[in-house]
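Coming up is one lone chain in structure tokens, specifically the form predicted alone.
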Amino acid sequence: MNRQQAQDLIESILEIPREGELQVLLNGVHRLGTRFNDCAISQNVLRQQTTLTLSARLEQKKTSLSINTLDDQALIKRSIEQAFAFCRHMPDDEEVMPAPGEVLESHEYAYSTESEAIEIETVGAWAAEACRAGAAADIDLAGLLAHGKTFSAYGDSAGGFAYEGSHRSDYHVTATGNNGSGWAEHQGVTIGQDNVMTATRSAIEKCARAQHPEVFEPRPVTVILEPQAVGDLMAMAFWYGFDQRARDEGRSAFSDYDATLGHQSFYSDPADPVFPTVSFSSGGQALVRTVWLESGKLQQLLTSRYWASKNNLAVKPAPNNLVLTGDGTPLEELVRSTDDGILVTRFWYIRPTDARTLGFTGMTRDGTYRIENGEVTHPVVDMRWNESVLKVLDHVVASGKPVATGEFMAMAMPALKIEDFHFTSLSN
């Protein structure tokens, strides 16, 4: 659905008589996907769907419902009536805010003409080549290659409107041998055959190096986290810890912490060249470059419209991406400069342990290796860790170049070399 078609549909919905304020969100997806395991394609998916979400507000009451049938005006009218009927039964919520009512400029930072031309046959052919590479290496290869062509459109009865088209590619692959596994990915707004094969060869190589892991007695040690592991940790830290209301109410690690956290900057920017995104939120708010940490110093935190209004603060809506700066040191150099350490491909099952220290626990997975005297010497058995993100950021001594990562959220993250990272037990 192009901009004019989306605008015409939203305007026709907003013209339907109703009791109160109405917000309309359209999310359209044309998703191509090929899933494979044991070096053979197991599923091809072509999903094309547009979801219409209607949010009704009556004073301090609000409710939403979604449908995915758009060519039945009678159904849409009944859905609006039902949304307001539900709304009348909701309790008053002082945090309910009026619709923004803003007309936003369309940037389409995440739109790619190259990506628009990708078809399901192409995705399937790339996945098949990856499978052949796994079979040739006599390694079990499993993964997903998905490419989405999407649009988002927003309108409200206060006059607000926004529309953007975007693309999102996700390729992640696990190579499994008899005694160990390796993993790699390609994320971004576009993807090509070279990207697929580079990630595939990386997973196969990691798997070959991961066979017959040895026990490393868990202890605090220098660790090198590859970008996916950094993204896993920073995404959890952001959504659990970077909130202004939690800070003001004494529930956050930042409530009593004002020290500088290392030297890196942490920000969100829909125009980021590594991993751009849609430049407005599902609530019709414009998203712009927002710096959370500047050279390790806290600048601002997520601030809802309600909390900003109540406390006379600037609104800082939830972003669509996260970026951590790096100094560009190659991964090989990070390893060469490490006498005693652990190299981690990715994390698994990260869970929060302490909001006041931004503490988390998790496990390593799919490629964990021992570093001795500047060289990767052998794989090690996966381990559990417990660590504070405040301390992690403060103990970064070197970093790589940010690359696109994040299966569930767009991120640009560098590899990090961190001193005194706490491994606590074996995890298998």
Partner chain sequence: MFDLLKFACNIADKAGCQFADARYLEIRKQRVVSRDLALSSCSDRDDRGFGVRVLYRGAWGFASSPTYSADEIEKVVALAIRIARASALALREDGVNWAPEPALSLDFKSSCKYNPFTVTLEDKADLLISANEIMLKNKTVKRAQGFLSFKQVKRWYANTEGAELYSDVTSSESAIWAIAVGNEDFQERNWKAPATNQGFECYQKEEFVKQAERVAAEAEEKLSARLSPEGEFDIITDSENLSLTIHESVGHATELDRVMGYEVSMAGSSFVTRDKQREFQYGSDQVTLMADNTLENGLATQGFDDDGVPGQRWEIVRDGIFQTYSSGREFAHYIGEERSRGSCRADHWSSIPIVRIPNLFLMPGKTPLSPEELMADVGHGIYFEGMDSFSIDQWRLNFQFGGNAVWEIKNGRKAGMLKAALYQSRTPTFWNACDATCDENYWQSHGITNCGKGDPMQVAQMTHGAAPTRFRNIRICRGRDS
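Definition used throughout: the rigid core is the maximal C-alpha set that superposes within 1.5 Å between two forms. Positions refer to the first chain, counted from 1. Everything numeric here is computed off the predicted structure, so don't read it as measured data.
The form predicted together with the partner chain is left out here; the points below concern that form.
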Legend entry - Heavy atom within 4.5 Å of the partner chain in the model of the complex - the one residue of His263, Arg209, Arg245, His107 that qualifies: Arg245
Legend entry - Sole residue of Leu233, Val323, Ala142, Ala199 within 4.5 Å of the partner chain in the model of the complex, by heavy atom: Ala142
Legend entry - Which of 67 to 75, 312 to 320, 264 to 272, 290 to 298 lines the interface with the partner chain in the model of the complex (heavy atom within 4.5 Å): 67 to 75
Inset, instruction - Could you tell me if all three of Ile41, Gly250 and Ser427 have a heavy atom no more than 4.5 Å from the partner chain in the model of the complex? - result: yes
Inset, instruction - Answer for Glu407 alone: is it within 4.5 Å of the partner chain in the model of the complex, judged on heavy atom distances? - result: yes
Inset, instruction - Please check if Gly124 has a heavy atom lying within 4.5 Å of any heavy atom of the partner chain in the model of the complex. - result: yes
Inset, instruction - Examine Arg351 and determine whether its closest non-hydrogen atom to the partner chain in the model of the complex is within 4.5 angstroms. - result: yes
Legend entry - Contact of Phe86 with the partner chain in the model of the complex (heavy atom, 4.5 Å): yes
Inset, instruction - Determine the residues of 103 to 121 with a heavy atom within 4.5 Å of the partner chain in the model of the complex and present them in sequence order; the list may be empty. - result: Glu119, Ile120, Glu121
Legend entry - Core fit, then Gln60 C-alpha moves 2 Å or more between this form and the one not shown: yes
